Ligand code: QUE
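Consider the single chain below, provided in structure tokens and representing the form predicted alone.
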Amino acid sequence: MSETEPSIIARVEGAAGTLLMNRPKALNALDLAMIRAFQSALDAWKHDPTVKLVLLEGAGGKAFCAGGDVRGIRQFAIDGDKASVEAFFAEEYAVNAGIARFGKPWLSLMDGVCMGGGIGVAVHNGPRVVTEHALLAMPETAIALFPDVGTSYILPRIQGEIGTWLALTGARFKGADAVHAGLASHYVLRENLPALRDALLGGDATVVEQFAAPLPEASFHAQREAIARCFSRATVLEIIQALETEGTDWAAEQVKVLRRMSPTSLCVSLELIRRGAGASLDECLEMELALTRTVVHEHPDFREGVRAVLVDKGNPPASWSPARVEGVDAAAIQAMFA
């Protein structure tokens, strides 16, 4: 993106409204200007009879969208700028809801990294296309946030506790895995994306079927039963204990991963996923927005997690508060949802 190019390039091409997320140096991470551009497109095209579908892509070849600009959110929090934090999340979640209610196909071509907020602008409508180079994840527990952008509605509806596993560990899914889990609907080879894009400009979303490639087996196929057994437990500590009982290398690795995450974030995320299973999308988004006000401003883990993972890039957190899952106060977690 040059200094003169917008971060979202919106056009009407044929019978399609096309949106290109255009911050390749930032892996197309969403800032507030991009979120507002999404809202403008929703408003402009929802009732435009010439626009039959929306086609969403990411620029640069490396990422569809790496998520929300949480480094910016962290700085707002440090500066005490609660209004900017509120605006970002409230407007982002409104876009997620607007995509779900758009009433026309909102078709995402997920090629490269797609995490967090990137999943939020793709998963609530469809078709949802992934390539062999797609990499999807919800890595929020590593930065002491929680699965948001409406995924607290989506993840608990994935069969076999796959969604709970994703939410807590930040497990990374390649394109085929995302289809097996239901986060994506079609698997298309990268080399076929230009032809698919051209076909979609005719306004018929069903042409995706003509480009779908055979689906490889899920990388987590052998662990499905263990995921269902372990991640169905009522608490994070019970999940860890169940994994330890499995006695496999895979289960031991999951324990290591969970022990690296913010204990508070793990417990908040599990509670959110469990509540989301019985809630509507709008109710989930409301819960998520309420949680941001506490998690971002009142708990120290978010600032420390973003510093470690995204600001200083790869340095372990100096400390979590509390340091271990065993020290998390269950009543304090419930109070965050009050």
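Just count from 1 along the sequence shown to find any residue number. Everything numeric here is computed off the predicted structure, so don't read it as measured data.
We do not show the form predicted in complex with the ligand, though everything after this point is about it.
Among 137 to 145, 153 to 161, 210 to 218, 95 to 103, the region lying within 4.5 Å of the ligand in the predicted complex by heavy atom distance: Of the stretches listed, the one contacting the partner is 137 to 145.
Single option in V54, V70, I35, I273 placed near the ligand in the predicted complex, where near means a heavy atom within 4.5 Å: Looking at the other structure, the residue within range turns out to be V70.
Can you pick the one in L42, L310, V295, L281 that has a heavy atom within 4.5 Å of the ligand in the predicted complex? Contact residue from the list: L310.
On the criterion of a non-hydrogen atom at 4.5 angstroms or closer, are A26, A29 and M115 all touching the ligand in the predicted complex? The answer is yes: all three residues contact the partner (heavy atom, 4.5 Å cut-off).
Please check if A66 has a heavy atom lying within 4.5 Å of any heavy atom of the ligand in the predicted complex. Contact check for A66: yes, within 4.5 Å of the ligand in the predicted complex.
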